[in-house]
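Have a look below at one chain only, the form predicted alone, in structure tokens format.
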Amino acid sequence: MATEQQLVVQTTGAIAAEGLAERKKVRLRRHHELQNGTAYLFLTPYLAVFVLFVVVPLVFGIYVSLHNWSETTGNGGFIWFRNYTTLILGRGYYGSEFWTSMWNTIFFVIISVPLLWLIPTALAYGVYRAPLKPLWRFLFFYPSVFSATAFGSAWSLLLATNGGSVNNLFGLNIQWLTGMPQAWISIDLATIWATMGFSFIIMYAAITQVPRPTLEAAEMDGAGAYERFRLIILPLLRRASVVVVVLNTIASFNLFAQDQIMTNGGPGTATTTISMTIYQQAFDSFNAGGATAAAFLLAIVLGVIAFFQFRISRKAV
């Protein structure tokens, strides 16, 4: 009789324990659902803006690039990939101009990106060793607050052939903005001066993370400032250098405002970039379909370049 009572008690206890565990699971599941709902509630404004201003324009852009679309006449019909093949094969005016401006842009990238890494890195190391660090950081970063329109206009006035401050100050008669290769030199100088601030801050922050005991030990062993920079600091700056190179590559491929203001793509089409060609095709020739296709081709080129840069950097780090 006692054994049966114990069995009943044990069975009742097991059932109660199972019920309690199940209720805990239900409460825990409801708690997670409430947390997830709250998280999605906070994400909703961002997701709405993202969909409205990124996803919808992207999908519509793909749709436009597959049509004979004009801003003046609207949709002229579905033409499959004709806009893309016209540009890739270099057919017609904008087909040939696409490749001319693409090579101009690549030339600018090859010249500007190494300098936009080398100069900020050297300046960051110099500031790291110099007194009055806040002052130098402010001076080197300050040009970055100007818009491309502002610094492009300022450099246009400084480098004007007639009445320009540079020619007048040094008694020169150099066609900075209308001759080659002076036009590219002028655009490079203006771009480097105005945009190196962000790269400088990134490299300076990376240098400050280098272990000071390592530098002090190298100094005690007789390593000079240059040897410490070359043998210790530079190898530890690889990750920051990759970020700087990738960001400056993308920014240089999108060169537009300062080029438009300073040289207007001249002399001739010598400094016309791919962004300028896309703009001209869209707003001068009202060929939105071709311009959108060119923009997507540029995005593909940037994606491929960024992919290989990251792959190479991962092997080097």
Partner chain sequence: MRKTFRVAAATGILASLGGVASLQAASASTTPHRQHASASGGMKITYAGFSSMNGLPQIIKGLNKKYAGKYVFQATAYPYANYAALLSSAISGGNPPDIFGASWTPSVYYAREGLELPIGPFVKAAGINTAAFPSSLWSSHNLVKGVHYSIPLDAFGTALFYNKALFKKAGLNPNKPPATGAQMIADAKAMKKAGVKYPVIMGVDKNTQDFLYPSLVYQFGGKMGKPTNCASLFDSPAGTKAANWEKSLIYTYHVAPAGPSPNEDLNDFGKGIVGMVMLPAINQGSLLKSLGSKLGVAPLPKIGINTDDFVGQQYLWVFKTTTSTTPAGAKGVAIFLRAIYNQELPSIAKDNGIIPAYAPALSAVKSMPFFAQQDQMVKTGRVNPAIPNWGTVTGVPLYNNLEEVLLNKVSTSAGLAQAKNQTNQLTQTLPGCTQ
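From a predicted model like this one, the values you see are computed outputs, not experimental measurements. Take the two forms, superpose them, and find the largest set of C-alpha atoms that agree within 1.5 Å; that set is the rigid core. Numbering follows the first chain given and starts at 1.
Although it is not shown, the form predicted together with the partner chain is what the next lines describe.
Chemist: Would residue 86 count as touching the partner chain in the predicted bound form under a 4.5 Å heavy atom rule?
Modeler: No, residue 86 is distant from the partner.
Chemist: In the predicted bound form, does residue 94 have a heavy atom within 4.5 Å of the partner chain?
Modeler: Yes, residue 94 is a contact residue.
Chemist: Residue-level question: is residue 214 within 4.5 Å of the partner chain in the predicted bound form, judged on heavy atoms?
Modeler: Looking in the predicted bound form, residue contacts with the partner chain do not include residue 214, since no heavy atom lies within 4.5 Å.
Chemist: Quick check on residue 231: any heavy atom within 4.5 Å of the partner chain in the predicted bound form?
Modeler: No.
Chemist: Between 111, 102, 180, 79, only one gets a heavy atom within 4.5 angstroms of the partner chain in the predicted bound form; which residue is that?
Modeler: If I apply the 4.5 Å criterion carefully, the residue I get is 180.
Chemist: Can you name the residues of 40-59 that have a heavy atom within 4.5 Å of the partner chain in the predicted bound form?
Modeler: Read in sequence order, the residues that approach the partner chain (within 4.5 Å, in the predicted bound form) are 40, 51, 55, 56, 59.
Chemist: Core-aligned, is the CA shift for residue 44 between this form and the one not shown 2 angstroms or more?
Modeler: It does, since the residue 44 C-alpha is displaced 2 Å or more between this form and the one not shown after the core fit.
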